[in-house]
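Below sits a lone chain in structure tokens, taken as the form predicted alone.
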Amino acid sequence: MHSRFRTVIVIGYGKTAGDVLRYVLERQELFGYRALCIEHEFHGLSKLRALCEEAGADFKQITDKRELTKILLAIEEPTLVVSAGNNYLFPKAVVEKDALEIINFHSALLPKFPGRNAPSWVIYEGESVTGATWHYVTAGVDSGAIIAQRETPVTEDIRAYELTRDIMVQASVAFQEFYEEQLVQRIKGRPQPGATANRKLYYSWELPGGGVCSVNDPAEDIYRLLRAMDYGRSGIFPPARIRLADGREAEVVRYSKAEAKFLKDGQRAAVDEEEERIYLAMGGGYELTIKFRLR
């Protein structure tokens, strides 16, 4: 078999980029293309450089958007660009360059939740299923034809970082399922219904619920917002805030759902300012405990 591309470039960072790069490197000799990895954002624990060095493949770290654009525009030989966990937005001139075919991984089931931090919005909007989408890159954000999708459940207690991990697993599996076919012939993707210029896009600066909840909100709604904003130690979002009954705002330090034991029968909420804890009754005999810090 022989690839219709002379070069395959992987652009990205993190687990998905690592899984994709490993698969691309394993098949470069079989399909006769040259592999290149570009890390657009620096991450101290990244394994991409090591993977390239082990395989004897080229690796570049290019954090400047203008420099990366210049490199891509200079490509003249048929090249497949695989965007995996990548925050670089391909300019129109790059997307429309004849030598380039660009595919991208999106962490939701398009056409739903285009843009950034999709797992957060999936949780916040109460979706029961989401997944990974591979699609062609066009001038519009996350609007190109869909190549492949794989689903994953959104369980009632899952947090944003856990859902992101599950989606990445599905992204890697989906890529391995279609990659070899993509090398040999262009897969005819299916158009996205509703992928219009005026559809809702989610931006990196947007926070679910504005990042604020109230002790007067239903506990289930508060819990959903906290899970939607929870990326562990990655710091993608600032800490969520909760508004107390007197109007003061507190920063949420941590939270947990467990069997009810602090609230008395029929009690909906309790605030212990000395211990800086809020207790909220949930359905099914559960209780939401929030450790807070007054601002």
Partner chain sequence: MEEKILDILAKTNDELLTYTGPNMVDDEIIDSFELISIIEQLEEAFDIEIDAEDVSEENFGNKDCIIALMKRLTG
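All values reported here derive from a predicted model rather than from experimental measurement. Numbering follows the first chain given and starts at 1.
Only in words, not in the display: the form predicted in complex with its partner chain, which the text now covers.
*Asks:* Only one of Arg243, Lys47, Arg268, Arg34 gets a heavy atom within 4.5 Å of its partner chain in the predicted complex. Which one?
*Replies:* The residue from Arg243, Lys47, Arg268, Arg34 that makes the contact is Lys47.
*Asks:* Ok, Lys264, Arg233, Arg66, Arg248: which has a heavy atom sitting within 4.5 Å of its partner chain in the predicted complex?
*Replies:* Only one listed residue qualifies here, and that residue is Arg233.
*Asks:* Taking the partner as it appears in the predicted complex, which of 139 to 147, 95 to 103, 155 to 163, 183 to 191 has residues with heavy atoms within 4.5 Å of its partner chain?
*Replies:* Careful reading of the contacts points to 155 to 163.
*Asks:* Look up in the predicted complex whether Met168 has a non-hydrogen atom within 4.5 angstroms of its partner chain, and give yes or no.
*Replies:* Output for Met168 is yes: heavy atoms within 4.5 Å of its partner chain.
*Asks:* Counting only non-hydrogen atoms and a 4.5 angstroms cut-off, does Arg6 reach its partner chain in the predicted complex?
*Replies:* Because no heavy atom of Arg6 falls inside 4.5 Å of its partner chain in the predicted complex, the answer is no.
*Asks:* Would Arg293 count as touching its partner chain in the predicted complex under a 4.5 Å heavy atom rule?
*Replies:* Result yes; Arg293 sits at the interface with its partner chain in the predicted complex.
*Asks:* Is it the case that Val253, even though its partner is missing from this view, gets within 4.5 Å of its partner chain in the predicted complex, heavy atoms only?
*Replies:* Yes, contact at 4.5 Å.
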